[in-house]
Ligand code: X2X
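The chain below stands alone, shown as structure tokens; this is the form predicted alone.
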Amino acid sequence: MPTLTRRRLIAGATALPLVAIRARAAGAAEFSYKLATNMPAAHPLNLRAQEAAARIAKATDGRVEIRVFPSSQLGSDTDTLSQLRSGAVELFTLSGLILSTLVPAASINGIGFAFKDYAQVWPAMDGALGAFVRGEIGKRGLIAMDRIWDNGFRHITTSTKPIARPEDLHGVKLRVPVSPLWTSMFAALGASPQSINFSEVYSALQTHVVDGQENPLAVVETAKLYEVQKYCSLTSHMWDGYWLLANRRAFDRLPQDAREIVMREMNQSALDQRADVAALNASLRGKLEGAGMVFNEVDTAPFREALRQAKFYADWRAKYGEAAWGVLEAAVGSLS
């Protein structure tokens, strides 16, 4: 499948309807499922999910229809997770760090400054660490597809000042997702973390409810956060991905061949989306600088040491347990 170009991304965004992105084969579908995401409609995650939905409709001769609802149209992350568990929504892409409110081990890939680069991320998440997390997810009545989708390495943006050292975070009101790990990490660094669902982030920044936020560059661009933020500090403080989750009861209702098709096509689109995000990240700094953002490079060693001194790693090692922590350190090296 060809890689999405920036032109295709923009064209795709303008073509998307305000409600669901739909993929319907001729005739009525036997199974019509909703796939919810919290990403803006133009984000590669939604475009590739839509392509997967189209391939699934074709491969199942129209028996399976998947409608993609971007931009938190079906509710906030926490609301949609509840809908997923009840079966009101059949499919949902969600960060493991937010999923950790239900599956504590799901946030382990987000431990601060654990992954140095993608050369560590993908072998871990496609290997033992990802398998461990999927196993924990499976205990909660959900199914996670084999391939996690890329959200990317996260960076801090602010409206007040650049963040170059840990002490620059002291007292900064920083929006974080609704996740204990995020709150714990930034509190350990001296910030004042505020848990806010993504659908409310732009307005919170615009009205200065918070001073800043942290997200991958692709999200900063597609959600237009550069309009309400001045500085971008390249902290790469955690890697974040999106598990494609399915309600187990809904998924098991599909015939075996249809389940295999859905998993195959969604996993393929996850790989395609990873390539899209990599291409975007290579060009986005220049685009965001052109929009007025000021970038600064960051030495991450002092941040990691500050977390170690604050017992952040030791505390989370105890929370995850030795088995989970051992799988993480096998992929990234010693942390605590």
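Residue indices: 1-based, along the sequence shown. Because the structure is predicted, anything quoted here is derived from the model rather than measured.
Keep in mind that the form predicted in complex with this ligand is missing from the display, and what follows is about it.
Novice: Would you classify residue 175 as touching this ligand in the model of the complex, given a 4.5 Å non-hydrogen atom cut-off?
Specialist: Result yes; residue 175 sits at the interface with this ligand in the model of the complex.
Novice: Mark residue 181 yes when one of its heavy atoms lies within 4.5 Å of a heavy atom of this ligand in the model of the complex, and no otherwise.
Specialist: No, residue 181 is distant from the partner.
Novice: Looking at the partner-bound form in the model of the complex, is residue 39 within 4.5 Å of this ligand by any heavy atom?
Specialist: So residue 39 counts as contacting this ligand.
Novice: Does this ligand come within 4.5 Å of any heavy atom of residue 240 in the model of the complex?
Specialist: Taking the distances in the model of the complex, the answer for residue 240 is yes, it comes within 4.5 Å of this ligand.
Novice: Contact check in the model of the complex: 235, 300 and 306 versus this ligand, with a cutoff of 4.5 Å between any heavy atoms. Do all three pass?
Specialist: Not a single residue of the candidate spot has a heavy atom within 4.5 Å of this ligand in the model of the complex.
Novice: Using a 4.5 Å heavy atom cut-off, indicate which stretch of 56 to 64, 31 to 39, 278 to 286, 292 to 300 touches this ligand in the model of the complex.
Specialist: Within 4.5 Å of the partner lies stretch 31 to 39.
Novice: Identify, from the list 265, 77, 221, 90, the residue with a heavy atom within 4.5 Å of this ligand in the model of the complex.
Specialist: If I apply the 4.5 Å criterion carefully, the residue I get is 77.
Novice: Which of these residues, 125, 84, 98, 156, gets a heavy atom within 4.5 Å of this ligand in the model of the complex?
Specialist: Residue within 4.5 Å of the partner: 98.
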